[in-house]
Every structure is written in structure tokens, then in C-alpha cells.
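First comes one chain, alone, set out as C-alpha cells in the form predicted on its own.
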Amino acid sequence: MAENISRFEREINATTIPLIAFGAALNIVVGQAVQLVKLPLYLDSIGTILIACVVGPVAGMLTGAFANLTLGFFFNYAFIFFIPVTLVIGAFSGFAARLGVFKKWYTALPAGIIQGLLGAVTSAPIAAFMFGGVTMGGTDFLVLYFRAIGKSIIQSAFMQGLAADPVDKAVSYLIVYFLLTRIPRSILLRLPGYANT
């Protein structure tokens, strides 16, 4: 219990809260830009993954949850229902960072694919049962296609997730890998999670 409290205190403090806010803003700006042009990706978890890498999994989870709460309040309430997905992304990417997968692009890529599979399994039931599989995102055409060929709503949501999420998260992981190689190491070493990355 004491170890968990110290980990929470290490990740959530006056120094890291602005980083969490930055990560949430990055999620919102990039995700909304991608949605605006209707790309068949989301790219709305880059901030979550980045903060989970440099601060820790708890901070990553809070980043994703805060971004979705903000999006739900100002843009579309549907984002609030997908907070469990952001928690999975924050937790897994923080765990993956501690395994060192972001040190090389060729380890970040498969980890992103695994992250995408976990995201698909988590998001598909929410999309299917809460929204009939259609969430007004750039990948909705996949759900509509699978429905048109006779698949059920839940099957269509899962198949859409399995088709799009691994690609989306693989790209997101590669972007975070690239960002980490561009941030000065002297800055990264001051962050609580990076020493374990």
C-alpha cells in the first residue's frame, strides 16, 4: 500500500500536473484535427502514451480520462463513455515503456499493435451497445460496411476495431517514439517515468 501511495505521489504532483494537462490538450487537438478531415484513424491517444512514458501509467490514465471528460463536456458526450479505453491505453503504454519498448522503433511498432488490439476489445462493446456501432468518427464507414454484408452490430464494432485500432495505435506509438528521440535527454531524465523507460 505504501509503495502504491508513493508511486501515485511521484506521478501526480505540482511538477507533473502541467504535463498531464499538456498531454490531454495534445490528445484533443490532434484527435479533433484528424476527425475533422475524416481520416480512418483516431490519433487521439498520443498525449496519453507520451505522458505514460515520461511520467508513468497513473499519469497516462489521468491524461486520457481528463481529455475525454473535456471532449465530452465541450464537443460530444460520447467521449465520456470511452474513458475505460483511455485507462487501458494509459496503463498499458506505461507498462510497455517500463519494458523499454520505446527505445527502438521496431519494438514500439508491435507494442502499438498489441495496444490497438486491447483498445479494440475494450471499445467495441461500448460502441456497439451505447451507440449502435456508429460514433461519428472516421472509421464509421467500416462499421457500416460490415453491417451491410450482414454482420451484427457487435460483430461489426469488433471487426472495425480489429481493422483500425492496431494501425492507429502502431502509428501513435511510432509518433511517440519519434517525439522521445527529439526531446533533449537532459529534460527527459528529470521526469519520474523516463528513468524506467
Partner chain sequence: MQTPETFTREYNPFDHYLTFTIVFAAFAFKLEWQLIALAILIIATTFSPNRKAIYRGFIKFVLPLILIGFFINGIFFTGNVVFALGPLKFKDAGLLFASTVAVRLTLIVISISYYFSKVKSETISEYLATRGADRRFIYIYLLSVAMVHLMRDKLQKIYTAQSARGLDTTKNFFTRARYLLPLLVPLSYSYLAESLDRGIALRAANFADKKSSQSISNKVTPLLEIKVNSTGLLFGRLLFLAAVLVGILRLVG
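Residue numbers count along the first chain shown, from 1. The structure presented is a predicted model; accordingly, all values stated were derived computationally and were not measured.
Not on display, but discussed next: the form predicted together with its partner chain.
Based on heavy atom distances of 4.5 Å or less, which listed stretch (116 to 124, 89 to 97, 102 to 110, 76 to 84) is in contact with its partner chain in the predicted bound form?
Result for this chain: 76 to 84.
Just to confirm, L26 within 4.5 Å of its partner chain in the predicted bound form by heavy atoms?
Within the cut-off, so yes.
My question is simply whether P40 lines the interface with its partner chain in the predicted bound form - judged by any non-hydrogen atom within 4.5 Å.
Although its partner chain is absent here, P40 would touch it in the predicted bound form, with heavy atoms inside 4.5 Å.
Given that its partner chain is not shown alongside this chain, does Q155 nevertheless sit within 4.5 Å of it in the predicted bound form, heavy atom to heavy atom?
Q155 lies outside the contact set for its partner chain.
Any non-hydrogen atom of M130 within 4.5 angstroms of its partner chain in the predicted bound form
It does: once its partner chain is placed as it appears in the predicted bound form, M130 has a heavy atom within 4.5 Å of it.
Within 4.5 Å of its partner chain in the predicted bound form, which residues of 84 to 114 have a heavy atom? Give them in sequence order, or say none.
Nothing in the stretch sits within 4.5 Å of the partner.
Just to spell it out: taking the C-alpha atom of A157 and the C-alpha atom of V37, is that distance smaller or larger in the predicted bound form than in the structure shown here, given it changes by 3 Å or more?
Farther apart, by at least 3 Å.
Do L36 and T122 move together or apart in the predicted bound form, judged by C-alpha distance changing 3 Å or more?
Farther apart, which means the C-alphas of L36 and T122 are at least 3 Å more distant in the predicted bound form.
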